[in-house]
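In the form predicted alone, a lone chain appears below as structure tokens.
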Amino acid sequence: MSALADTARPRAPGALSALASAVLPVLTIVLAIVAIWYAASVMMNRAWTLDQIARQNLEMTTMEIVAATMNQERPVLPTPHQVFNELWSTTAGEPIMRERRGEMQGNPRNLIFHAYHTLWPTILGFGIGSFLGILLAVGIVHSRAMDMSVMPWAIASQTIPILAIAPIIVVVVSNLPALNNAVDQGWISEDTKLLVPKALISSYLSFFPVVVGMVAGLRSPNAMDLDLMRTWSASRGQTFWKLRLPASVPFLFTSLKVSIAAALVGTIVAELPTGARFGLGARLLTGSYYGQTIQIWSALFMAAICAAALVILLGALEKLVLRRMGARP
């Protein structure tokens, strides 16, 4: 009888099968992307290889031609293994610090060093943008005048291409007397001075998702809950702290994840016209100057890795905050 009951009872999936069901779809998509990438690399790099074969009067088999297209020094489209090798050699293969003129300084050949110079203004700009976004959202929700006047400007600000205003911000901020005096007095270096315009451009892109998310979150309590607060004679401040703000937390973290990625993009774009020597944007610019496509792609992948790490950190913080608020996953 017990054996029959065990047979009829559905067995719970084991940890291995659960892991396989979670990993296999992702792995399948990744393998498909890699296969398409290799095929595209062969097609786009084939013309240069065939031209070199014709110039040198060589005879090569199809497999040798395919292998040659995958290992060019300056390919039109690098292959995945070339990008991975470049990432490995410029992170694990290069020291982050090196001795120069008797001092230990950052190694510009190391991508982690460049990522460090991009992440600092990103985090600073993200903090400024998020703070301004939350302040604007609170004002928009509580003031009809701000709702009618500020919100349209916030939307319109995002229609201006960041590439158009980045040089303007760089020129204006770089000529601020306070910053120039600080450099002349030796309080900050030229590289630290460039951090300010990069952070401002980063905050410009990051504040808008926070505004939109927080406005939606602060307005998410339904009319019955708001009426209930009125029947309890709750003030606007009490309604804000005890009802609107807790209801907006899931909206806030969702918008923060979008905002941190936008902040990273803003910093990389800001590094292009600032003449920055270090940073992922400077690395991209150097690669484009010298036609080093492998270097460009590795910098792009490092930027993607940094963005993923920042979003994962925010996701962990979101779970911690929601758990402390009593929310169940």
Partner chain sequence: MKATAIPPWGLPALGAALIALAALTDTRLALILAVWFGAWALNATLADRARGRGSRFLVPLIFGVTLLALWEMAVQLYDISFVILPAPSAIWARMVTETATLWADFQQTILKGALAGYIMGCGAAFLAALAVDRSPFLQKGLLPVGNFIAALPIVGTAPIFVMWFGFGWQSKSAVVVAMVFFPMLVNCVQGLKASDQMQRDLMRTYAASYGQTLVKLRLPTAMPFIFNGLKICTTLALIGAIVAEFFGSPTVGMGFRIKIEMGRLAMDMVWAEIAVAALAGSGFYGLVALIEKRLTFWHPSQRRG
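Residue numbers count along the first chain shown, from 1. Each form is matched to the other, and the largest set of C-alpha atoms that superpose within 1.5 Å is called the rigid core. The structure presented is a predicted model; accordingly, all values stated were derived computationally and were not measured.
Below, we refer to the form predicted in complex with its partner chain, which is not included among the displayed structures.
Distance criterion of 4.5 Å from any heavy atom to its partner chain in the predicted bound form singles out S235 from the list T231, S235, Q185, N222.
Contact annotation: of the candidates V66, I53, M44, V34, the single residue with a non-hydrogen atom within 4.5 angstroms of its partner chain in the predicted bound form is M44. Its partner chain is not drawn, but in the predicted bound form it has no heavy atom within 4.5 Å of A216.
None of the heavy atoms of P80 is located within 4.5 Å of its partner chain in the predicted bound form. Heavy atoms of L19 never reach within 4.5 Å of its partner chain in the predicted bound form, leaving it off the interface. Mapping the unseen interface onto this chain, A92 falls outside it, with no heavy atom inside 4.5 Å of its partner chain in the predicted bound form. Contact annotation: its partner chain lies within 4.5 Å of heavy atoms from the stretch 72-80 in the predicted bound form, the single such stretch among 107-115, 127-135, 72-80, 188-196. Every residue in the set V150, V265 and I296 has a non-hydrogen atom no more than 4.5 Å from its partner chain in the predicted bound form. Heavy atoms closer than or equal to 4.5 Å to its partner chain in the predicted bound form belong, across 46-64, to no residue whatsoever. Once both forms are overlaid on the rigid core, the distance between the two CA positions of V23 between this form and the one not shown is 2 angstroms or more.
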